[in-house]
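Below are two forms of the same protein chain, given as C-alpha coordinates: structure 1, then structure 2.
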Structure 1
Amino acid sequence: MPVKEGYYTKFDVMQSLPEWDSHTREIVQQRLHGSDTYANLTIIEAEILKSLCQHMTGEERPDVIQYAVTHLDQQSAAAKGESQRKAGTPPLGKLIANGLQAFELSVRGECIVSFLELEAGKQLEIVQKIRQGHYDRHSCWLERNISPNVWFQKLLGIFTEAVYSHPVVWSEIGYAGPAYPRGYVRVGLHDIDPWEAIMDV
(Lines of atoms letter the chains of each structure in order from A and count residues from 1; the text may use other names and numbers.)
(Lines give C-alpha, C1' and ligand atoms only; values in the text may rest on other atoms or scores of the structure.)
Protein backbone atom coordinates (compact mmCIF):
# COMPACT_ATOMS: atom_id res chain seq x y z
CA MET A 1 0.00 0.00 0.00
CA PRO A 2 1.24 3.58 -0.71
CA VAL A 3 2.53 5.72 2.14
CA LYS A 4 -0.41 6.98 4.13
CA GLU A 5 -1.27 10.66 4.10
CA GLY A 6 -4.05 12.45 5.92
CA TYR A 7 -5.16 13.37 9.42
CA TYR A 8 -4.68 9.96 11.09
CA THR A 9 -1.31 8.70 9.87
CA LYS A 10 -0.53 6.93 13.18
CA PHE A 11 -3.86 5.11 13.44
CA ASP A 12 -4.30 1.48 12.43
CA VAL A 13 -7.78 0.08 13.00
CA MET A 14 -6.41 -3.47 12.75
CA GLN A 15 -4.85 -3.04 16.19
CA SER A 16 -8.41 -3.52 17.47
CA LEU A 17 -8.57 -6.98 15.90
CA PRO A 18 -8.37 -8.88 19.26
CA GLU A 19 -11.34 -6.87 20.55
CA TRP A 20 -13.76 -8.03 17.87
CA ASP A 21 -15.68 -11.29 17.94
CA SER A 22 -14.43 -14.12 15.70
CA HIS A 23 -17.09 -13.58 13.01
CA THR A 24 -16.25 -9.87 12.73
CA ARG A 25 -12.51 -10.60 12.67
CA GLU A 26 -12.98 -13.04 9.81
CA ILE A 27 -15.06 -10.61 7.74
CA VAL A 28 -12.68 -7.67 8.22
CA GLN A 29 -9.55 -9.75 7.50
CA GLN A 30 -11.10 -11.09 4.29
CA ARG A 31 -11.39 -7.52 3.07
CA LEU A 32 -7.62 -7.10 3.40
CA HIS A 33 -6.91 -10.22 1.40
CA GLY A 34 -9.37 -9.88 -1.46
CA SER A 35 -9.80 -12.69 -3.96
CA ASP A 36 -9.17 -12.32 -7.68
CA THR A 37 -11.52 -15.15 -8.64
CA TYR A 38 -15.03 -14.25 -9.69
CA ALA A 39 -18.42 -15.92 -9.59
CA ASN A 40 -20.00 -13.98 -12.46
CA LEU A 41 -17.41 -11.71 -14.02
CA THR A 42 -14.95 -12.54 -16.77
CA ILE A 43 -11.39 -11.26 -16.39
CA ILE A 44 -12.03 -8.57 -19.03
CA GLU A 45 -15.23 -7.44 -17.29
CA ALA A 46 -13.38 -7.29 -13.97
CA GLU A 47 -10.63 -5.15 -15.52
CA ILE A 48 -13.22 -2.74 -16.97
CA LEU A 49 -14.89 -2.50 -13.56
CA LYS A 50 -11.55 -1.82 -11.85
CA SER A 51 -10.99 1.14 -14.17
CA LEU A 52 -14.56 2.35 -13.59
CA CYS A 53 -14.13 2.03 -9.82
CA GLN A 54 -10.97 4.10 -9.96
CA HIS A 55 -12.62 6.86 -12.00
CA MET A 56 -15.86 6.86 -9.97
CA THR A 57 -14.34 6.87 -6.48
CA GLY A 58 -10.90 8.40 -7.02
CA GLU A 59 -9.42 5.38 -5.25
CA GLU A 60 -6.06 4.29 -6.71
CA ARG A 61 -4.82 1.51 -4.42
CA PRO A 62 -5.03 -1.80 -6.30
CA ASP A 63 -5.92 -3.83 -3.18
CA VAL A 64 -8.87 -1.59 -2.32
CA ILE A 65 -10.10 -1.53 -5.93
CA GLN A 66 -9.76 -5.33 -6.14
CA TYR A 67 -11.86 -5.70 -3.02
CA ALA A 68 -14.52 -3.34 -4.43
CA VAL A 69 -14.82 -5.34 -7.66
CA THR A 70 -14.86 -8.66 -5.80
CA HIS A 71 -17.58 -7.26 -3.54
CA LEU A 72 -19.62 -6.23 -6.59
CA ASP A 73 -19.20 -9.69 -8.10
CA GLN A 74 -20.34 -11.35 -4.87
CA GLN A 75 -23.34 -9.04 -4.63
CA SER A 76 -24.27 -9.84 -8.24
CA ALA A 77 -24.00 -13.59 -7.69
CA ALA A 78 -25.81 -13.71 -4.35
CA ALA A 79 -29.19 -15.42 -4.52
CA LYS A 80 -30.90 -12.95 -2.26
CA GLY A 81 -33.29 -10.08 -2.66
CA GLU A 82 -32.36 -6.44 -3.05
CA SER A 83 -33.62 -3.84 -0.63
CA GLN A 84 -34.74 -1.50 -3.40
CA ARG A 85 -35.06 -1.74 -7.17
CA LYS A 86 -36.92 0.64 -9.47
CA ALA A 87 -39.77 -0.77 -11.55
CA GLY A 88 -38.41 -2.08 -14.86
CA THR A 89 -34.85 -2.43 -13.58
CA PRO A 90 -33.50 -5.99 -13.90
CA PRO A 91 -31.98 -7.88 -10.96
CA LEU A 92 -28.49 -6.75 -9.99
CA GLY A 93 -26.56 -9.52 -11.77
CA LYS A 94 -28.39 -8.90 -15.04
CA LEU A 95 -28.13 -5.12 -14.66
CA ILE A 96 -24.36 -5.29 -14.22
CA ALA A 97 -23.74 -7.84 -17.00
CA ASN A 98 -26.04 -6.24 -19.61
CA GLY A 99 -24.84 -2.78 -18.65
CA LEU A 100 -21.23 -3.82 -19.17
CA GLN A 101 -22.08 -5.16 -22.63
CA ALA A 102 -23.92 -1.96 -23.57
CA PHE A 103 -21.16 0.18 -22.10
CA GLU A 104 -18.42 -1.55 -24.08
CA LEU A 105 -20.50 -1.35 -27.29
CA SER A 106 -21.05 2.39 -26.70
CA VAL A 107 -17.33 2.95 -26.23
CA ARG A 108 -16.40 0.90 -29.30
CA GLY A 109 -19.05 2.72 -31.34
CA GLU A 110 -17.57 6.08 -30.36
CA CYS A 111 -13.85 5.34 -30.00
CA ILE A 112 -13.40 2.18 -32.14
CA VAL A 113 -11.39 0.48 -29.35
CA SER A 114 -12.27 -1.09 -26.00
CA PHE A 115 -12.60 1.05 -22.89
CA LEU A 116 -9.48 -0.66 -21.53
CA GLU A 117 -7.45 0.52 -24.51
CA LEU A 118 -8.22 4.20 -23.90
CA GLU A 119 -5.86 6.45 -22.00
CA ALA A 120 -7.00 7.48 -18.51
CA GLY A 121 -8.18 10.97 -19.49
CA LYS A 122 -10.42 9.59 -22.25
CA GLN A 123 -11.77 6.91 -19.91
CA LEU A 124 -12.76 9.60 -17.41
CA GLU A 125 -14.44 11.56 -20.20
CA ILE A 126 -16.52 8.48 -21.09
CA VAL A 127 -17.51 7.98 -17.45
CA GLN A 128 -18.62 11.61 -17.26
CA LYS A 129 -20.66 11.16 -20.42
CA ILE A 130 -22.46 8.18 -18.89
CA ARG A 131 -23.30 10.27 -15.81
CA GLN A 132 -24.49 13.18 -17.94
CA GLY A 133 -26.88 11.02 -19.99
CA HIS A 134 -24.90 11.13 -23.24
CA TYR A 135 -25.72 7.48 -23.99
CA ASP A 136 -29.34 7.40 -22.81
CA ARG A 137 -30.77 6.98 -26.33
CA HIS A 138 -28.09 4.66 -27.71
CA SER A 139 -29.60 1.50 -29.20
CA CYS A 140 -27.18 -0.84 -27.38
CA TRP A 141 -28.67 0.33 -24.06
CA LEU A 142 -32.29 0.49 -25.27
CA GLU A 143 -32.12 -3.03 -26.77
CA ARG A 144 -31.06 -4.39 -23.38
CA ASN A 145 -33.64 -2.29 -21.52
CA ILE A 146 -30.87 -0.84 -19.34
CA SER A 147 -30.73 2.80 -18.29
CA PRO A 148 -27.12 4.05 -18.37
CA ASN A 149 -27.89 6.31 -15.42
CA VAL A 150 -29.36 3.50 -13.29
CA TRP A 151 -26.37 1.29 -14.14
CA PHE A 152 -23.95 4.12 -13.28
CA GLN A 153 -25.67 4.91 -9.99
CA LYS A 154 -25.73 1.23 -8.97
CA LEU A 155 -22.01 0.82 -9.66
CA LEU A 156 -21.19 4.06 -7.87
CA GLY A 157 -23.19 3.01 -4.79
CA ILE A 158 -21.62 -0.44 -4.54
CA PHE A 159 -18.08 0.81 -5.20
CA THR A 160 -18.42 3.58 -2.61
CA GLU A 161 -19.85 1.16 -0.06
CA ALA A 162 -16.98 -1.28 -0.67
CA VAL A 163 -14.17 1.29 -0.62
CA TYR A 164 -15.39 2.75 2.68
CA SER A 165 -15.76 -0.69 4.24
CA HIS A 166 -12.09 -1.51 3.63
CA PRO A 167 -9.97 -1.44 6.84
CA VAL A 168 -7.19 0.55 5.19
CA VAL A 169 -9.68 3.30 4.41
CA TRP A 170 -11.11 3.07 7.95
CA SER A 171 -7.63 3.79 9.31
CA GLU A 172 -7.18 6.62 6.85
CA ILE A 173 -10.41 8.41 7.84
CA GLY A 174 -10.02 7.64 11.55
CA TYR A 175 -12.92 5.20 11.86
CA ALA A 176 -12.31 2.82 14.77
CA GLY A 177 -14.25 -0.09 13.31
CA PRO A 178 -17.12 -2.28 14.51
CA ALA A 179 -18.58 -1.49 17.93
CA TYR A 180 -19.54 -5.04 18.81
CA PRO A 181 -18.87 -6.40 21.40
CA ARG A 182 -16.77 -3.66 23.00
CA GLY A 183 -19.06 -0.77 22.14
CA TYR A 184 -18.41 2.92 22.08
CA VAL A 185 -18.68 4.23 25.67
CA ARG A 186 -17.63 7.87 25.59
CA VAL A 187 -20.21 9.44 23.33
CA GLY A 188 -20.34 12.98 24.68
CA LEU A 189 -19.21 16.05 22.78
CA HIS A 190 -15.43 15.77 22.11
CA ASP A 191 -15.28 12.47 24.06
CA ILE A 192 -13.40 9.61 22.46
CA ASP A 193 -12.65 6.11 23.65
CA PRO A 194 -8.97 5.16 24.08
CA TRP A 195 -8.99 2.98 20.96
CA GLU A 196 -10.35 5.70 18.67
CA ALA A 197 -8.20 7.68 16.24
CA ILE A 198 -6.52 10.88 17.35
CA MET A 199 -5.94 13.46 14.68
CA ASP A 200 -2.30 14.26 13.93
CA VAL A 201 -1.22 17.58 15.42
Structure 2
Amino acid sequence: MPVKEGYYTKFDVMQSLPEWDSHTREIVQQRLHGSDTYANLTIIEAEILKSLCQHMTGEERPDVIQYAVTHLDQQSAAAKGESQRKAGTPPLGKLIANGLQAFELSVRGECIVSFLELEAGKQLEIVQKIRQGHYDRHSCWLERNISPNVWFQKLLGIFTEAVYSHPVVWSEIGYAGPAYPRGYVRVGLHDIDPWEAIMDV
Protein backbone atom coordinates (compact mmCIF):
# COMPACT_ATOMS: atom_id res chain seq x y z
CA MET A 1 0.00 0.00 0.00
CA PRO A 2 1.51 3.35 -0.98
CA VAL A 3 2.44 5.77 1.76
CA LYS A 4 0.13 8.76 1.96
CA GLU A 5 1.02 12.18 3.16
CA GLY A 6 -2.27 14.05 2.91
CA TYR A 7 -4.96 14.75 5.46
CA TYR A 8 -7.07 11.75 4.57
CA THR A 9 -4.96 8.64 5.14
CA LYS A 10 -7.97 6.41 5.71
CA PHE A 11 -9.88 7.43 2.59
CA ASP A 12 -10.02 5.23 -0.48
CA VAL A 13 -12.15 6.61 -3.29
CA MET A 14 -12.24 3.15 -4.91
CA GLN A 15 -14.57 1.98 -2.17
CA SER A 16 -17.26 3.91 -4.00
CA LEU A 17 -16.60 1.98 -7.21
CA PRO A 18 -19.83 -0.06 -7.02
CA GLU A 19 -21.76 3.23 -6.91
CA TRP A 20 -20.40 4.49 -10.24
CA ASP A 21 -21.86 3.87 -13.68
CA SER A 22 -20.18 1.08 -15.60
CA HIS A 23 -18.49 3.33 -18.19
CA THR A 24 -16.74 5.41 -15.53
CA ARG A 25 -15.89 2.30 -13.52
CA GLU A 26 -14.16 0.72 -16.48
CA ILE A 27 -12.14 3.85 -17.28
CA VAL A 28 -10.94 4.39 -13.71
CA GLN A 29 -10.21 0.73 -13.03
CA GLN A 30 -7.99 0.53 -16.09
CA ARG A 31 -5.75 3.22 -14.65
CA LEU A 32 -4.95 1.01 -11.68
CA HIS A 33 -3.56 -1.65 -13.95
CA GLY A 34 -1.10 0.52 -15.88
CA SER A 35 0.67 -1.53 -18.53
CA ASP A 36 4.41 -1.26 -19.16
CA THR A 37 4.41 -1.92 -22.87
CA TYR A 38 4.88 1.10 -25.08
CA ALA A 39 3.81 2.04 -28.58
CA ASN A 40 6.62 4.53 -29.19
CA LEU A 41 9.04 4.61 -26.29
CA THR A 42 12.13 2.47 -25.79
CA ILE A 43 12.69 1.05 -22.31
CA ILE A 44 15.51 3.52 -21.68
CA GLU A 45 13.37 6.47 -22.79
CA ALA A 46 10.58 5.28 -20.55
CA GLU A 47 12.96 5.07 -17.60
CA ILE A 48 14.20 8.61 -18.20
CA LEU A 49 10.63 9.82 -18.46
CA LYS A 50 9.74 8.11 -15.21
CA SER A 51 12.41 10.05 -13.35
CA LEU A 52 11.39 13.23 -15.13
CA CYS A 53 7.78 12.65 -14.14
CA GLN A 54 8.83 12.23 -10.53
CA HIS A 55 10.79 15.47 -10.54
CA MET A 56 8.21 17.44 -12.47
CA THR A 57 5.13 16.43 -10.50
CA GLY A 58 6.61 15.60 -7.10
CA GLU A 59 4.84 12.24 -7.36
CA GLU A 60 6.78 9.23 -6.08
CA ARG A 61 4.49 6.20 -6.25
CA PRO A 62 5.75 3.86 -8.99
CA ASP A 63 2.24 2.83 -10.09
CA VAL A 64 1.13 6.41 -10.62
CA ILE A 65 4.34 7.30 -12.43
CA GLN A 66 4.04 4.22 -14.63
CA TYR A 67 0.51 5.26 -15.55
CA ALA A 68 1.67 8.81 -16.37
CA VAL A 69 4.41 7.55 -18.69
CA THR A 70 2.08 5.12 -20.48
CA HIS A 71 -0.41 7.95 -20.88
CA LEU A 72 2.29 10.12 -22.45
CA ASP A 73 3.26 7.26 -24.77
CA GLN A 74 -0.37 6.82 -25.84
CA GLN A 75 -0.83 10.54 -26.40
CA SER A 76 2.18 10.77 -28.67
CA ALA A 77 1.17 7.65 -30.61
CA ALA A 78 -2.51 8.60 -31.06
CA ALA A 79 -3.66 10.01 -34.37
CA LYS A 80 -6.31 12.18 -32.76
CA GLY A 81 -4.45 15.49 -32.80
CA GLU A 82 -2.97 17.75 -30.15
CA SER A 83 -5.73 20.41 -29.96
CA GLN A 84 -3.08 23.07 -30.50
CA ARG A 85 0.60 23.27 -31.28
CA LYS A 86 2.74 26.39 -31.15
CA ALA A 87 3.98 27.57 -34.53
CA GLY A 88 7.49 26.28 -35.13
CA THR A 89 7.14 23.32 -32.75
CA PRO A 90 7.35 19.78 -34.15
CA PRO A 91 4.40 17.37 -33.72
CA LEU A 92 4.09 15.75 -30.28
CA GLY A 93 5.74 12.40 -31.03
CA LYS A 94 8.75 14.12 -32.57
CA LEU A 95 8.89 16.77 -29.84
CA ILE A 96 9.07 14.13 -27.13
CA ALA A 97 11.51 11.81 -28.87
CA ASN A 98 13.86 14.48 -30.23
CA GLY A 99 13.61 16.40 -26.97
CA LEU A 100 14.68 13.30 -25.08
CA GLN A 101 17.70 12.90 -27.33
CA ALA A 102 18.65 16.55 -26.90
CA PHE A 103 18.12 16.24 -23.16
CA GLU A 104 20.39 13.21 -22.83
CA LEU A 105 23.06 14.89 -24.94
CA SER A 106 22.93 18.01 -22.75
CA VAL A 107 23.28 15.89 -19.63
CA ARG A 108 26.13 13.84 -21.05
CA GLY A 109 27.84 17.01 -22.23
CA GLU A 110 27.67 18.47 -18.77
CA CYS A 111 27.94 15.42 -16.48
CA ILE A 112 29.54 12.79 -18.76
CA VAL A 113 27.02 10.13 -17.69
CA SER A 114 23.35 9.49 -18.56
CA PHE A 115 20.57 11.26 -16.66
CA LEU A 116 19.59 7.89 -15.18
CA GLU A 117 22.99 7.46 -13.60
CA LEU A 118 22.85 10.74 -11.71
CA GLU A 119 21.73 10.85 -8.13
CA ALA A 120 18.32 12.40 -7.47
CA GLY A 121 19.58 15.78 -6.26
CA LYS A 122 21.70 16.26 -9.35
CA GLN A 123 18.82 15.15 -11.58
CA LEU A 124 16.57 17.78 -10.06
CA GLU A 125 19.24 20.41 -10.60
CA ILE A 126 19.32 19.55 -14.31
CA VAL A 127 15.54 19.72 -14.60
CA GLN A 128 15.61 23.11 -12.91
CA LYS A 129 18.24 24.27 -15.39
CA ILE A 130 15.95 23.31 -18.27
CA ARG A 131 13.24 25.43 -16.74
CA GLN A 132 15.56 28.36 -16.16
CA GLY A 133 16.60 28.47 -19.81
CA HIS A 134 20.12 27.20 -19.19
CA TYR A 135 20.09 24.96 -22.28
CA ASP A 136 18.16 27.27 -24.58
CA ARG A 137 21.17 28.00 -26.79
CA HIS A 138 22.76 24.54 -26.68
CA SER A 139 23.39 23.14 -30.14
CA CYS A 140 21.85 19.73 -29.37
CA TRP A 141 18.47 21.48 -28.90
CA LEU A 142 18.90 24.06 -31.65
CA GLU A 143 19.84 21.40 -34.20
CA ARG A 144 16.61 19.58 -33.47
CA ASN A 145 14.59 22.78 -33.56
CA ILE A 146 13.25 22.21 -30.05
CA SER A 147 12.90 24.72 -27.28
CA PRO A 148 13.82 23.03 -23.97
CA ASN A 149 11.12 25.04 -22.25
CA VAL A 150 8.37 24.03 -24.70
CA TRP A 151 9.46 20.40 -24.25
CA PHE A 152 9.42 20.76 -20.46
CA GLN A 153 5.97 22.38 -20.49
CA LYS A 154 4.53 19.69 -22.74
CA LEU A 155 5.82 16.87 -20.54
CA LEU A 156 4.71 18.65 -17.40
CA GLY A 157 1.18 19.13 -18.75
CA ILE A 158 0.77 15.52 -19.83
CA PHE A 159 2.27 14.09 -16.64
CA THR A 160 0.14 16.34 -14.46
CA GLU A 161 -3.12 15.43 -16.18
CA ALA A 162 -2.31 11.75 -15.75
CA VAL A 163 -1.23 11.98 -12.10
CA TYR A 164 -4.35 13.92 -11.10
CA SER A 165 -6.57 11.44 -12.95
CA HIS A 166 -5.25 8.57 -10.85
CA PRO A 167 -7.56 7.30 -8.11
CA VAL A 168 -4.68 6.83 -5.65
CA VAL A 169 -4.02 10.56 -5.90
CA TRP A 170 -7.74 11.37 -5.64
CA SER A 171 -7.85 9.44 -2.37
CA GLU A 172 -4.79 11.23 -1.08
CA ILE A 173 -6.13 14.72 -1.71
CA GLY A 174 -9.59 13.83 -0.45
CA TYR A 175 -11.43 14.12 -3.76
CA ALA A 176 -14.57 12.01 -3.69
CA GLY A 177 -14.51 11.60 -7.46
CA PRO A 178 -17.10 10.25 -9.89
CA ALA A 179 -20.61 10.54 -8.62
CA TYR A 180 -23.07 9.22 -11.17
CA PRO A 181 -25.76 8.21 -10.54
CA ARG A 182 -25.77 9.02 -6.83
CA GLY A 183 -24.52 12.64 -7.02
CA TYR A 184 -23.73 14.71 -3.97
CA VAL A 185 -26.45 15.55 -1.51
CA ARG A 186 -24.62 17.79 0.97
CA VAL A 187 -22.92 20.55 -1.01
CA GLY A 188 -22.81 23.63 1.22
CA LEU A 189 -19.95 24.81 3.41
CA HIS A 190 -19.07 22.18 6.07
CA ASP A 191 -21.58 19.70 4.63
CA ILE A 192 -20.09 16.29 3.85
CA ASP A 193 -21.78 13.23 2.38
CA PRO A 194 -21.02 9.98 4.23
CA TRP A 195 -18.94 8.64 1.33
CA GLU A 196 -16.60 11.63 1.19
CA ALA A 197 -13.11 11.82 2.72
CA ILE A 198 -12.86 12.68 6.39
CA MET A 199 -9.74 14.42 7.67
CA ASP A 200 -7.48 12.56 10.09
CA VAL A 201 -7.73 13.99 13.56
Partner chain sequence: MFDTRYLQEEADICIVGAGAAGGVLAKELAEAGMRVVVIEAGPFRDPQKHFASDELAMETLSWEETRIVDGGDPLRLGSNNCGKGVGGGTQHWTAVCLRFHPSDFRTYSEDGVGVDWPLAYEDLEPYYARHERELAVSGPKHFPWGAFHGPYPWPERNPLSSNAEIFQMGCQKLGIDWCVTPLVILTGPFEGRAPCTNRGFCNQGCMPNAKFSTLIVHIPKAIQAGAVVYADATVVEIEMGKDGKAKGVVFVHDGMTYRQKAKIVILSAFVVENPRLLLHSANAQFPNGLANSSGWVGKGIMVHSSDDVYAKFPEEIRFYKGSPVMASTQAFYETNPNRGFVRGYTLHAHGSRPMSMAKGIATTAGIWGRQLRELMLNYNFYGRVTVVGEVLPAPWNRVALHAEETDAHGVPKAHVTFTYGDNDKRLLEHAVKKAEEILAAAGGKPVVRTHDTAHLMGGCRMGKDPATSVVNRDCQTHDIPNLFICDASVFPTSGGGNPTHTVMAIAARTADAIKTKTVRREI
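Residues are numbered by position in structure 1's sequence, first residue being 1. Quick caveat, the model's predicted, so the values are computed rather than measured. By rigid core we mean the largest C-alpha set that fits within 1.5 Å across both forms.
Looking at the condition given, the form predicted in complex with its partner chain, one finds it describes the source of structure 2 alone. Core-superposed comparison between structures 1 and 2: the Cα of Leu17 travels less than 2 Å. Once the two forms are overlaid on the core, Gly183 shows a Cα shift of 2.5 Å between structures 1 and 2.
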